[in-house]
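Shown next as structure tokens: one chain only, the form predicted alone.
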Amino acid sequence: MRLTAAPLRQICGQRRTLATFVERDIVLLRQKLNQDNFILTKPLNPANRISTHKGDISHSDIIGKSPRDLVTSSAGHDYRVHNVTLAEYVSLTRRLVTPIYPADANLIVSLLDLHPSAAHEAGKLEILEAGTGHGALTLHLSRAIHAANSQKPKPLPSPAPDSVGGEPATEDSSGSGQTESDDALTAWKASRKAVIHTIDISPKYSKHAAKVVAGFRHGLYADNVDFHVGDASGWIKSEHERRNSDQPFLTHAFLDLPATHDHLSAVASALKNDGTLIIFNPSITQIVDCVQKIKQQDIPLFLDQTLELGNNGTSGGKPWDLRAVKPRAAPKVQSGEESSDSVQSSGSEEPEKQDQNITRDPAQTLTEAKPEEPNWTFVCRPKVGERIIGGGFLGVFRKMNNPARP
């Protein structure tokens, strides 16, 4: 007997095939003769039209088409229909704030080194994203952990009319069905093996980001995300109270906040041992502020690496050397006179000799500074080559149980 492949709709349990576009899909249209002229549609609705300077295109003409089929505008211009990639979606959707662009989002996800698993014995992944913004990184993170979670339970169907009199179901039976659906959803949320806690201080931005996340492929990754509005440190405190425990519960954290250093202590208290904390700042000096705060308050975090993000599409994270150090000349300064001589002599040194004072060569006397040492400064420079213009900086930290040693 010959075996035949099952239809795609039977395999996926969906009412559609991935070969055709249906209502509520979002598609990308590219002009046939000019690939740089493209349009990201709103969710397809047979009653809607797309108005362009090249003529109108009806949504009904797109519904039922397959990827790479052509549709023709009212002015006679051909457009090719494409599925929307995640990178295209987060870059082209309407924005209220600047998003984290796909290349940078992919790098951040890679640095977190996520390994989601649906296995019963696997530990739960809980990731904090403070600074939801546009929701671009939220979507990338949710896609990365999606395999760990089972499918969300479907709502129970509405009660059918009475079979004898045709009367609608009673209010009690309808309310009972809704309660069962709510209970099933609550139980499913509690059983998730991976979840993104994303928080933003602005209700407007949080609501818009939730809409962006829910709009990608019919909300494919939306159920992995819990949206919160408020202060990151305040949310962590309330979460400890809700769980009735001071034990760390976060496996990873990402902070994109104006005053990141003010939240380091709270995040460290919620981060599990060896958990990864990544902070994003536009300026390298803000990363320095975080390192200073960690040393001054003895926060159990250590800086693993510092990376510069580039806006030219070629940077996978340019390494920077950022360390708190005790300069070799500092212990020799005994008086103001000697200090003045030291400054004058340092100006006449050759560049090669000056640079030796901030080298990692173990033969030098430069040592990593300890929090209790007053005479320390910072090495802050690119490791190789010239600086890439724009982009911002990532500081990658690790949680440690014993602050005395990394």
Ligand SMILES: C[S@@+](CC[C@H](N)C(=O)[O-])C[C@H]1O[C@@H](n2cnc3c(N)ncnc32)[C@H](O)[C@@H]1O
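All values reported here derive from a predicted model rather than from experimental measurement. Residue positions are given as counts along the sequence shown, with the first one as 1.
FYI, the form predicted in complex with this ligand isn't displayed, but the following is about it.
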Listed residue that, although this ligand is not shown, lies within 4.5 Å of it in the predicted complex (heavy atoms), from 291, 257, 264, 225: 257
Listed residue that, although this ligand is not shown, lies within 4.5 Å of it in the predicted complex (heavy atoms), from 125, 287, 236, 136: 136
Contact of residue 283 with this ligand in the predicted complex (heavy atom, 4.5 Å): no
In the predicted complex, residue 231 touching this ligand (heavy atom, 4.5 Å): yes
4.5 Å heavy atom contact, residue 100 to this ligand in the predicted complex: yes
In the predicted complex, residue 104 touching this ligand (heavy atom, 4.5 Å): no
Among 179-187, 271-279, 143-151, 127-135, the region lying within 4.5 Å of this ligand in the predicted complex by heavy atom distance: 127-135
Partner contacts for 180-210, taking this ligand in the predicted complex and a 4.5 Å heavy atom cut-off: 199, 200, 201, 202, 205
